[in-house]
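As a starting point, one isolated chain is supplied in C-alpha cells, in the form predicted alone.
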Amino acid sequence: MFEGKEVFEEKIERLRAMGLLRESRDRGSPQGPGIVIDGRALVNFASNDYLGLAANEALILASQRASREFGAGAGAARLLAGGARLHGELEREAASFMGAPGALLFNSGYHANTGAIPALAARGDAIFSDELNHASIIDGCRLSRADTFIYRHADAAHARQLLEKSGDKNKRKLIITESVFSMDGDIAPLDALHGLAKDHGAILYVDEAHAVGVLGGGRGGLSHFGLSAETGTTGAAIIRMGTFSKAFGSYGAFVAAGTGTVDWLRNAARTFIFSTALPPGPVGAALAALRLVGSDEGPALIARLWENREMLFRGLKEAGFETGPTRTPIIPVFFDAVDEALHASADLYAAGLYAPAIRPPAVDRPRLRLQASAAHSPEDIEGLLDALRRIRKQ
C-alpha cells in the first residue's frame, strides 16, 4: 500500500533540516488587518488584501445575494451553462474598467496564465519572459511548447537583444511580464516593453495581479504608465490578466483583450473550457468590489493604501533595513540566511504580528514579505516598526 509519509519521509526531513518545510496555518477569523491563528489575535502583514475589502460588508452581502439567486455552486463549465448572468456582467464590467474591448473570466490567476498563454503561443512561436515572472507564467510558457527566451529581470534592453537575435524564424512573438512583481514589489518597465513590442510586432502580455486596485487609479500598471489598451491595429497588441482575489477581496481572474482574442481564448484555453465555472458568490462579491473601486470611494481607499505604504517604507529605511527595489505596497525585508528570517518572523509572532518568512525555492534570498493595506491603522504600522527595531538590535 502506498504510504506518502514513508515514500517522502527522507525528502521531508531534508526540508526540515534546511528550515524549508512549509506548513499551513489556517485563520479562525475573516481576512483583514487583524486575524486569529491558533486562538491568538495577530496584526496581519502577510495578506494581498490591499484595499481591505475581503471582509467588506457590501461584498459579503453581494456574495449572499448572488448565492441565494443563483445557488452555492456553478455545477458545470461555462460552455455547459455553468455560468450565471452575473458571470457575463462581471466580464463586461471588468473589460470596461480596464479599458479593453472584452474580458474572459477564469477561476484563478494560475488558471488564467496556464490557460491563456498556451492558447496564444504554440510550437514555432517565441515567448520572451522576465526571469522573475510568477510560477503560473513559467508553467504557461512550458505548456505552450513555444521557444521561450528568458530576459534579465526588468531589463528591456536584454529583451530587445533576444528579440533581435531570434530574427524572423518564429511565427508569433509574445513578451510576458508581471507589472508588479509579487516578491520584490518592483514595477516592470512597461513603457519600454510596450515600445519593444511595437517595434517587433509582438504581443505584450501583462500579469496585473498585484497592480489592479493598486496602480494607475486601480486600473493597473498599463494605466500607471499612461498607456492605452491597444488591440494591434495601430500598435502592439496588449493582453492583460488581472485577479479579483487580491485588491478586490474576492476570488477569480480575468483576461482583458480585444474581442477576437477573447473569443479565441473562450474556444482554446483549456483551463476555461474544462473547469467548472466560478461559484456565484465570489462573482457577486467581485462585481461589488469592482463597482466600489470604480466609484467615488475608490480613490480614497487607494490613497489610504499608499499613505500606509509610505509610512511603513519610510520607517524601514530609517531603521536601516534593506528593502530592495520595491515601489509598491509589497515591501521585502531581506536577511542573509534562512534561520535569520525564520527567527525574525517568530519574534514578530511573539509580539502579536504576523509576517511569515519567505524562503527558497520561492525566492533566492530569504526575507519577510511585508504588505501594507488600506485597512491598517498608523498604530498597526508603528507597532510593526517598533518590533523590527528591537529585532535589529538583538
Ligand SMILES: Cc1ncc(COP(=O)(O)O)c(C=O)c1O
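The numbering used is simple: start at 1 and walk along the sequence shown. This is a predicted model, so every value here is computed, not measured.
One more form of this protein should be noted, the form predicted in complex with the ligand, which is absent from this view; the next part is about it.
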| task | Look at the stretches 156 to 164, 105 to 113, 277 to 285, 71 to 79 and give the one with heavy atoms within 4.5 Å of the ligand in the predicted bound form. | result | 105 to 113
| Is there any non-hydrogen atom of Ser245 lying within 4.5 Å of the ligand in the predicted bound form? | yes
| Does Ala209 reach the ligand in the predicted bound form if we count a contact as any heavy atom within 4.5 Å? | yes
| Does the ligand get within 4.5 angstroms of any non-hydrogen atom of Glu91 in the predicted bound form? | no
| field | Contact test in the predicted bound form: Asn308 vs the ligand, heavy atoms, 4.5 Å | value | no
| field | Single option in Thr261, Ser182, Ser223, Ser144 placed near the ligand in the predicted bound form, where near means a heavy atom within 4.5 Å | value | Ser182
| query | Given that the ligand is left out here, which of His134, Arg266, Arg172, Arg304 has a heavy atom within 4.5 Å of it in the predicted bound form? | reply | His134
